[in-house]
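Quick setup: one chain, the form predicted on its own, written in structure tokens, and binding and motion questions come after.
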Amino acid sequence: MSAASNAPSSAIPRACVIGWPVAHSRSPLIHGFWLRAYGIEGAYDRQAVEPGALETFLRAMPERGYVGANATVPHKEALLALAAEASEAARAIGAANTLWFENGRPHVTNTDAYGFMTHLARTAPGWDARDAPALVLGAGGAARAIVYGLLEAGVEEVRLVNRTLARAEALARDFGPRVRVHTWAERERALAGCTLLVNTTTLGMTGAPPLEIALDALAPEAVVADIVYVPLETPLLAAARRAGHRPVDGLGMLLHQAVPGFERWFGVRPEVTEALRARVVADIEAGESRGAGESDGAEA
């Protein structure tokens, strides 16, 4: 279905996830779970919107009954450009994933940093107890969100490693001298003294090449996070667990990044519960049995 298709307007609040493609998105599963759990009369669906049709789709949303949306690839940067107002997080990250309307005008934010940092704090409390560097693998949109979140949390040095050096250098220029770039060949040496490692690449994801990195140089108390969630325990997290580090999986970021949008659209701040997590895990396992995968661990 393209953006030109029409859906009937409704008196109940409706939200959606927009992308191209969008069939893989688990956002309807998450928001639908909350709508039922809180007894809210609302709806959340998928809308496949071609890249050139985003502006037209946004203009038509209010009359179609939509109060807001999530955006996944390839619309995050374009959504920011089309918004009347954008949050500091969206501007700093350079992309938006959450949209709502105020007086008919589109407002946007980016909740990926919130999602990652909230999950990190809940899964590995005290992760920032020591003033030590963090190392981030990757330099894409998810990396930008996580670097922003770490800097906002007070991390004094973020070491950035990417297979394409120029992309890492461009990200570092945007965020300033607290972000220091290392080459891919230096990734293991760059772990020395770090108490946090975050993989934002697709390496280690089902169907993707493995992530090859030895964890020997990591501090013993280090936390290892992977935003990939298919599989739920990646080889990196398994290696971290064997080495005695605290592993943080990628699913929590997906769940927590959905919270602010739901609250804004439907008026209730939802909780990320074990029941929700179990529901999404079951869907992931069913997808793996069908051979389905995700394009990006951070996507909505």
Ligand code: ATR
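Everything numeric here is computed off the predicted structure, so don't read it as measured data. The numbering used is simple: start at 1 and walk along the sequence shown.
In what follows, reference is made to the form predicted together with the named molecule, a form of this protein that is not presented.
With the partner omitted here, the residue from 141, 149, 133, 106 that has a non-hydrogen atom within 4.5 angstroms of the named molecule in the predicted complex is 141. Note on the partner interface in the predicted complex: the residue among 163, 122, 173, 91 having a heavy atom within 4.5 angstroms of the named molecule is 163.
Residues within 4.5 angstroms of the named molecule in the predicted complex, judged by any non-hydrogen atom, belong to 202-210 and to none of the other stretches in 78-86, 202-210, 125-133, 218-226.
In the predicted complex, at least one heavy atom of residue 167 sits within 4.5 Å of the named molecule. Residues are counted as partner-facing when one of their heavy atoms sits within 4.5 Å of the named molecule in the predicted complex; in 175-193 only 184 qualifies.
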